[in-house]
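Shown here is one chain on its own, the form predicted on its own, set out as structure tokens.
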Amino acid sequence: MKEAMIIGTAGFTAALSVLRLEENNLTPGQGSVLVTGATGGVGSFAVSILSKLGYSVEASTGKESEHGYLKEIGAATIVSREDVYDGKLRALGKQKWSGAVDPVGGEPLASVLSQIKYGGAVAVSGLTAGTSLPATVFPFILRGVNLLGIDSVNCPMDTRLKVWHRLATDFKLEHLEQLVQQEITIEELPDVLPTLLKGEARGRTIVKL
């Protein structure tokens, strides 16, 4: 039960993102895969799962203090938020990544799309950076890039079963406990929730009932 709660919605969403990228023919031999918001729940699981599957993972974070954590869970390279999005949106940028897991959205997602290699894909599941997507059609019509929407709420049961099966087999993480930042009681929630809203949390927080 504790393993299931550590995984939770965030781990499920990350696993579904990886599954959808695989269905878009992503393989480890195609080059590095970017994970944005890498210290969050979805990001941490995505880094870990992709690394276990043999991918070279570039983890993006704005938290210099968490570089060691990201290396421990499988990141091959740490890149800053500015390396992903420097504040300037380009119709097309240099082709850097074969795919990406993005729980961030907004302008950073538009920047990521412009830097995906030909035929690659981005699995998007979040809106931390906003709901608007100021992208052009060029990555889609000139490089065949795909934007994959990830929804864990209304996901069909057959897909759910497939994802949980993968989480119990080839996606299963040996260092699952490393993704837990803290275990708290429900009475401690009011003190912990503000850290989530401020983006100060790392990995998962488990509430013990």
Ligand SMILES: NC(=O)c1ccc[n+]([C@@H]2O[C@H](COP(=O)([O-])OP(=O)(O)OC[C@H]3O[C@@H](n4cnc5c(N)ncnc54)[C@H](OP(=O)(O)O)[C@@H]3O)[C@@H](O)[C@H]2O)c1
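Each residue number is its position in the shown sequence, starting from 1. Since this is a predicted model, take the numbers as computed values, not measurements.
One more form of this protein, predicted in complex with this ligand, exists but is not displayed; see below.
- Interface residue remark: A76 is not counted as part of the site for this ligand in the model of the complex, having no heavy atom within 4.5 Å.
- Among heavy atoms of G126, some come within 4.5 Å of this ligand in the model of the complex.
- Proximity of A201 to this ligand in the model of the complex: non-hydrogen atoms within 4.5 Å are present.
- Remark: T39 counts among the residues lining this ligand in the model of the complex, judged by a heavy atom distance of 4.5 Å or less.
- Residue heavy atoms within 4.5 Å of this ligand in the model of the complex occur in exactly one stretch of 47 to 55, 168 to 176, 148 to 156, 26 to 34, and that stretch is 148 to 156.
- Annotation: in the model of the complex, residues V18, S98 and G144 none come within 4.5 Å of this ligand through any heavy atom.
- If you take 92 to 112 and check each residue for a heavy atom within 4.5 Å of this ligand in the model of the complex, you get P103, V104, in sequence order.
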